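Have a look below at one chain only, the form predicted alone, in C-alpha cells format.
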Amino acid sequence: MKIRKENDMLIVPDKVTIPFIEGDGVGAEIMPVCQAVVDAAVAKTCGGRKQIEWTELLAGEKALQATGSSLPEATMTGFGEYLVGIKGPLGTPIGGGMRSLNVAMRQELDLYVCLRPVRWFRGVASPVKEPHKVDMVVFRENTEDIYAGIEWEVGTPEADRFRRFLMEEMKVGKIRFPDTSAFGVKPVSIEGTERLVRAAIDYAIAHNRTNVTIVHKGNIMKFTEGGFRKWAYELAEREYADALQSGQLVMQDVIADAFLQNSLLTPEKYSVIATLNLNGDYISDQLAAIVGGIGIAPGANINYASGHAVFEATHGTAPNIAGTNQANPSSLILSAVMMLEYIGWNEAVPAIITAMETAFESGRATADLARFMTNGQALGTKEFGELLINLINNN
C-alpha cells in the first residue's frame, strides 16, 4: 500500500510499499544489507504489525541496460506515486556526458531540501580530538544555485551568444578571458530561500535545537548569497517573531569559509545549518570527515510541502571495490533510519542505532572504519549486516 499525504500529514499504512533504486557499483551489495537490517528492526520492535514491501525501480547502469535510459520515466512516476523511497549511489561522469541522475531526481520531484544530519558514533576513529562535539543538521538548498545546471560549454554558439549578451547589452567588463570562457548562471530566489529556511527553522523548533545558522558567501556574491542571508532573516522575523522573542529560536549567520574553520575549532556552537547548494555540498562532506567519513553519513532529499522524500547513500559508487564484499553499508542504513523517522516508525530506530553503536564500540566494522579502530576487526559487507541483525534480534 502507498503512503499518501492528507491535511499536511503523511498517512502511512502498517504494510507499506517502499520503492528503491539499487544503485551503481557497490549499490548491489549495500542495498540488500540495508533492507535486511531495516526489516529485522521493524519485525523486532513492531511485533509483526508493520512491514515494508520493497519494490525496485530502475536507474543508472541497470536501467540503461534494461530500458536504454539511465532514468526511465517509469522510475520518476513511481517515486512520484509512492512519495517516499530510498536509493543507492548512482554514477555521474565528470565533464562531458549525462548530467547527474541525483540532481535530475531532485529537480524533477522538486526535492528542495537536502537533509544531512551529522553526528559521531562512539568507537569510530576521527581525525579530530573531540568529534563528539559535532552534532549538526544541515539543510542544503537542493534546486537552485549553480546546481540548477544552467551553463554553456566554451566554444559553443550558446556560450558565444551569452558572452555577447553580457558584454554588449549588460555592459559587463569583468570577464578576464571572454573568448575562452564557459559560463554558468547562479539563480537564487526569495521563494527558494524561504522554503528552505522555513524547513530548517521548523525542524529546529520541533527538535529543541535553538540555534539556526545561515551559512553564505554574501560578502562577495551580494545579491545571490547576500540575498539568501537577507531573506532568511526577514522570514524569521516575519513568521517566527514569538520564537525569536522567547529565545526558543536564535538566528545567526557566518561566512562559508569562516564556518569551515569554526566547525573544526568550535563545532559545539552550531546545531542547525541552512545554506545554499554548493556551500552545502562542501559543508556536508567536511562535517562527515570530522566524525569518521562519508561512509557513515546519511542523507535525504525532501519536499515537505508535497511529502516526497528520497533517502540515499551519500557516498559514490566505489567501482574499485564493487563486487568484493568490502563496501560499507552504514550510510545507506542510517539513511533508512531517517526514512523510518520520516514515516513515523520511530520504534524501530533505536534498535538499529544501538546495534551500530555496539558494533563500532567493539571494533567491528567494514574495513574502511575498522582499520582505524583500536583492535579493529574488519568485516565484509554481508557479515557486517549479519552482525547488526544478530545484535538487533538479541538485544
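All figures in this text were calculated on a predicted structure; none of them were measured in a lab. The first residue of the shown sequence is 1; numbering continues from there.
Not on display, but discussed next: the form predicted in complex with a small molecule.
Next on the checklist: So if I measure heavy atom distances to the small molecule in the predicted bound form, which of the stretches 316 to 324, 189 to 197, 136 to 144, 154 to 162 falls within 4.5 Å?
Outcome noted: Contact-bearing stretch, as computed: 316 to 324.
Item to check | Proximity to the small molecule in the predicted bound form, single hit among 272, 83, 288, 90 (heavy atom within 4.5 Å) | outcome: Contact check passes for 90.
Checklist entry - Since exactly one of 294, 243, 128, 278 fits, which has a heavy atom within 4.5 Å of the small molecule in the predicted bound form? => result Here the answer is residue option 294.
Next on the checklist: With the partner left out here, check for me: in the predicted bound form, does some heavy atom of residue 312 sit within 4.5 Å of the small molecule?
Outcome noted: It does: once the small molecule is placed as it appears in the predicted bound form, residue 312 has a heavy atom within 4.5 Å of it.
Next on the checklist: Is residue 368 near the small molecule? Define near as a heavy atom within 4.5 Å, in the predicted bound form.
Outcome noted: Taking the distances in the predicted bound form, the answer for residue 368 is yes, it comes within 4.5 Å of the small molecule.
Checklist entry - Does residue 263 reach the small molecule in the predicted bound form if we count a contact as any heavy atom within 4.5 Å? => result Residue 263: no, not in contact with the small molecule in the predicted bound form.
Checklist entry - Can residue 213 be called a contact residue for the small molecule in the predicted bound form at 4.5 Å between heavy atoms? => result Residue-level check for residue 213: no, no contact with the small molecule.
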